[in-house]
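The data below hold one chain only, encoded as structure tokens and taken in the form predicted alone.
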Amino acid sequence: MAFRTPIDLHTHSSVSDGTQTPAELMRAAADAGLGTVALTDHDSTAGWQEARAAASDLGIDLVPGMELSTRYGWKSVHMLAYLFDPADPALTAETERIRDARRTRAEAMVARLAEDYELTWEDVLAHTTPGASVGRPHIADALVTRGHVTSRSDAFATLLHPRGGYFEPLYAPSPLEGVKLIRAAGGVPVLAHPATRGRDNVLDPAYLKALVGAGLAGLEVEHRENTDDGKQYLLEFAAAHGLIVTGSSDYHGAGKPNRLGENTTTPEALERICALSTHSPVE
């Protein structure tokens, strides 16, 4: 199909840690001049239906997706999943487990923070929507409201940082398991912002090759947090292994400085993603 341009393949709504509802997000995408947008909430597809209806009314193309949490050793590794079956039993069970673990983790972090700062679980819930996947961004928002930090970024750099003294690890499957789950659900896995800490902190090359062997389809190269040397490495790796290269904003509304359409994906790359999906067409 012919895709409307520009194309932004990584955005978040209030279903996870964005600050706009799926419909509001689609309106913001249209206002920003986007022609195609992917909704990729963390470990959830709950916003798809609302986003579809809004996108249709606004005359933009929606790519249904998700950002799956995975973990490699101590590293949190995010895996973008596109055009998969949202009812797939194995993937659904795993995302439910992750969301449950995310809430338990958040509750534990809030309890620890409350020993030193004025903060309650109700403060955190006030920054979520019903059914949302609760996580550190919501704790950060509550800390901002209480005046303990100045912004989400400040919270993540201090109190919510792994070295901040209040951090709790999150359960998540391995990236290899994540790739296999997405593929088995008919979807297309793309590694999200893999070079945020530079070339030397990208996943080990041997493990990256294992991911490719399991079905990893692409790398999100054009992302504001990938370093220049990291981007160059990712481009070289993608070329050597025939991977799709994407670019996107990772937009969260008011939650982050990222702006819709600040990085985009080519129509050719999206066509390759669609060709690899065995389940879902673009809406």
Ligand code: AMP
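Note that the structure is predicted; figures quoted are calculated from it, not measured. Throughout, we count residues from 1 along the sequence that is shown.
The following text describes the form predicted together with the named molecule, which does not appear among the structures shown.
Among the residues Arg99, Arg136, His127, Arg183, the one placing a heavy atom within 4.5 Å of the named molecule in the model of the complex is Arg136.
Checking Tyr72, Phe156, Tyr117, Tyr207 for any heavy atom within 4.5 Å of the named molecule in the model of the complex turns up a single hit: Phe156. For Gly247, no non-hydrogen atom is located within 4.5 Å of the named molecule in the model of the complex, even though that partner is not displayed. By the criterion of a heavy atom within 4.5 Å, His42 is counted among the residues contacting the named molecule in the model of the complex. In the model of the complex, none of the heavy atoms of Lys231 sits within 4.5 Å of a heavy atom of the named molecule. Interface membership of Arg105, defined by any non-hydrogen atom within 4.5 Å of the named molecule in the model of the complex, is confirmed.
None of 235-243, 46-54, 22-30, 250-258 except one has non-hydrogen atoms within 4.5 angstroms of the named molecule in the model of the complex; the exception is 250-258.
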